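Presented below, as structure tokens, is a lone chain in the form predicted on its own.
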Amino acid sequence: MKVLFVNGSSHIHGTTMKALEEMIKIFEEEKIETEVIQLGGKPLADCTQCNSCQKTGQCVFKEDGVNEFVAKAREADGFVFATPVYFAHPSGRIFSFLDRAFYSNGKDEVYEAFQFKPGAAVAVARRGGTTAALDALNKYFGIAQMPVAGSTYWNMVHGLYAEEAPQDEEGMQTMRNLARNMVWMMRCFSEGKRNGVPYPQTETSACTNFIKRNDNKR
């Protein structure tokens, strides 16, 4: 089994990574493979809604790792999307990255690389804005039929600098429990698949628009 992490921080060894490292310890203890996709501080293009990916299956921007991430996602068993909090919000780079990853993988409202795989959002902040950031990231799971993993508190860690994060003892405990919950979920899903439990049927025929078309032109 394998868990893919997306670290939306520009600081490779910052507070966000400290939170993820606490989870990685548990996954390693449970013999679960992990890989961290570090977005870093380089420019990352936003989704332009050009719809090229709907024909090719790949994002038109090929230099910043989105297409490689989607390819890895098809083989992964779980996901953790982590972000520092900027202005009570996730980082812009993780939004751009995930928008393109999910949109380029979505066809007929089915997100093949992600559906029916557990996902967890993690937010790290000096003080406030974590719950708003978590709410924003959780929406990716909700649209892609991904079961959302929780913990014994909201998935957050506090600290301005990397060395401060471990001092948030409850936050670190939350990360460890989150990792254990994800291990349990992935193993349950694996056992269900092994024993022939089918995935839910997905309907995609309905697609409504809030703007009502008027065929009687005036």
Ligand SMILES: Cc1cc2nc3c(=O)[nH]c(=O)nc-3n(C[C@H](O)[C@H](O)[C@H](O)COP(=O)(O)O)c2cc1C
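All residue numbers refer to positions in the sequence shown, first residue = 1. Just so it is clear, the model here is predicted, and its values are computed rather than measured.
There is also a form predicted in complex with the named molecule; it is not shown, and the following applies to it.
- Interface membership of residue 160, defined by any non-hydrogen atom within 4.5 Å of the named molecule in the model of the complex, is confirmed.
- In the model of the complex, none of the heavy atoms of residue 25 sits within 4.5 Å of a heavy atom of the named molecule.
- Contact annotation: residue 92 falls outside 4.5 Å of the named molecule in the model of the complex, judged by heavy atom distances.
- Proximity of residue 74 to the named molecule in the model of the complex falls outside the 4.5 Å heavy atom cutoff.
- The contact residue chosen from 80, 98, 137, 85 relative to the named molecule in the model of the complex is 85, the criterion being a non-hydrogen atom within 4.5 angstroms.
- Counting a residue when any of its non-hydrogen atoms is within 4.5 Å of the named molecule in the model of the complex, the hits in 117-156 run 124, 125, 126, 127, 128.
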